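Next up: a single chain in structure tokens, the form predicted alone.
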Amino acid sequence: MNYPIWEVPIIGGGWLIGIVAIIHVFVSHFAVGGGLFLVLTEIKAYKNNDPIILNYVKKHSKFFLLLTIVFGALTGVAIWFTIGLVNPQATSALIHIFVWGWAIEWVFFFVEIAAVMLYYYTWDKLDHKTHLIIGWIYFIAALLSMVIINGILSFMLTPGKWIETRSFWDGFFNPTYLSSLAVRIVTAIVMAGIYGLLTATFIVEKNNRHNVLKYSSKWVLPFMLILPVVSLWYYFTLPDIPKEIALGGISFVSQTAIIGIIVGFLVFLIVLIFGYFNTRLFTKLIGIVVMILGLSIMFAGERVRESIRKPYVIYDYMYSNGLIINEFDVIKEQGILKSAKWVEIKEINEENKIQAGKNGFKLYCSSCHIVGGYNDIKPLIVDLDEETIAMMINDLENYRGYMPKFAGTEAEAEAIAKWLYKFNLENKKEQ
């Protein structure tokens, strides 16, 4: 509550972060798996003396450079921009907790940029061995970058012993660190194959695509079978409540997981049938469809991972609205309006009660609920009277599952209820 509220209409801040993050994650995983794809494909071309595959990997490396370094870097900056605006409290916490982790990751990213540019611009200018060394340097730097980022992202769901020790290493090597890293590495390899299938249809002549498509399919098929295994491992390393949410505690989460599984099965079938056995039928359209389905798998996985963390942004440490749990009792005693630095109303009276309620809602609820947008609050209180709404606010964690305890005073709960109740009055007037 130390920062002003940045409201995002219709979709809300959470979805804005999600849209930017999913696009970035889809590219960043390719940046890792695709780096390995480049090196091993180049080795294969030299080993088999195959000019078609060598020419393909040269052209593919240009696409790789532009997508991962240019577009990937832009979406990475966009993530920092959006999370800083939408949830500055959590962003500040992650920077302070893992400042040296971020510093190391940025060093790896610098190495990635330098290596991939050298790799692309030194085709036919360096001997094969030196060129491959540059490719390996890129891949190792990209993989290590993922290793660092994974520790921070997995910490947000399972901080583990860090809650008691505040140790960097306890937070970094948290209970889901290894399982989530396995999921990300396998996903990165799958993405490398999916991107390889797509670029093959655009940069290789139709009569010469067979070997390239079949080769790219081998990056997808076996690892699509491994992905459910490592995902189950990840599931079993989760705390009990996130497990419960994933299995149906919040219906849209389990539905999203099911959709992701179905889409994954479709990708496997399409790649098996057209990418491996009937390559002559693998067209640009099919390549685009597989790419969109791959993005859908990424969307499903990231949405489930983010949603099972409710009601926290950092599990057992900070709620989605930025309230640090250790500060709950202090804020409860003085109220959320007095604790917030960026609201004018500190004392509630009859004249300002509705405006105070609106401010209280923004501070405590708008991180998840939008008026007239995603997760709209109005249908949740329709036909309820003012007293019932206030009672529910005071007992949020019991009336509405996976929501934070209300840290406001009785007067603030009544003010928020009064502001919300006016939507019911407006509905009655319209009817």
Partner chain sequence: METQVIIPDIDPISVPAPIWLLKILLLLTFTLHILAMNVAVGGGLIAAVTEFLGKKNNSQNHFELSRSISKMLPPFTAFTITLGVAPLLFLQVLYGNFFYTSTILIAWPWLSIIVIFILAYYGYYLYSFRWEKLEGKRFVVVLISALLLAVIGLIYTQNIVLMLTPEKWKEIYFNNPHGTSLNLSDPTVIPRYLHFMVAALAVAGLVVIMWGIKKIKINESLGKWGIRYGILWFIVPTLLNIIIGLWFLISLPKNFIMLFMGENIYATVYFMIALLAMFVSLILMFVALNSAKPLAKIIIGKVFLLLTIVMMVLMRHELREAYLQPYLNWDKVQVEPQWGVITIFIILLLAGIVTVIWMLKKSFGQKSNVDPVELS
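Positions refer to the first chain, counted from 1. None of the values given here were measured: they were computed from a predicted structure.
One more form of this protein exists, namely the form predicted in complex with the partner chain; it is left out here, but the text below deals with it.
The contact residue chosen from Gly84, Pro175, Pro222, Gly249 relative to the partner chain in the predicted bound form is Gly84, the criterion being a non-hydrogen atom within 4.5 angstroms. For the candidate set Met391, Leu54, Ile381, Leu65, a heavy atom within 4.5 Å of the partner chain in the predicted bound form is found for exactly one residue, namely Leu65. Residue contact with the partner chain in the predicted bound form: Met403 places no heavy atom within 4.5 Å of it.
The partner chain in the predicted bound form comes within 4.5 Å of a heavy atom belonging to Leu16. In the predicted bound form, no heavy atom of Val229 sits within 4.5 Å of the partner chain.
Proximity of Trp162 to the partner chain in the predicted bound form falls within the 4.5 Å heavy atom cutoff. When contacts are defined as a non-hydrogen atom within 4.5 Å, all of His96, Phe108 and Lys125 contact the partner chain in the predicted bound form. Comparing 289-297, 177-185, 84-92, 192-200 against the partner chain in the predicted bound form, the single stretch with non-hydrogen atoms within 4.5 angstroms of it is 84-92. In the predicted bound form, Lys362 is the single residue of 361-380 with at least one heavy atom within 4.5 Å of the partner chain.
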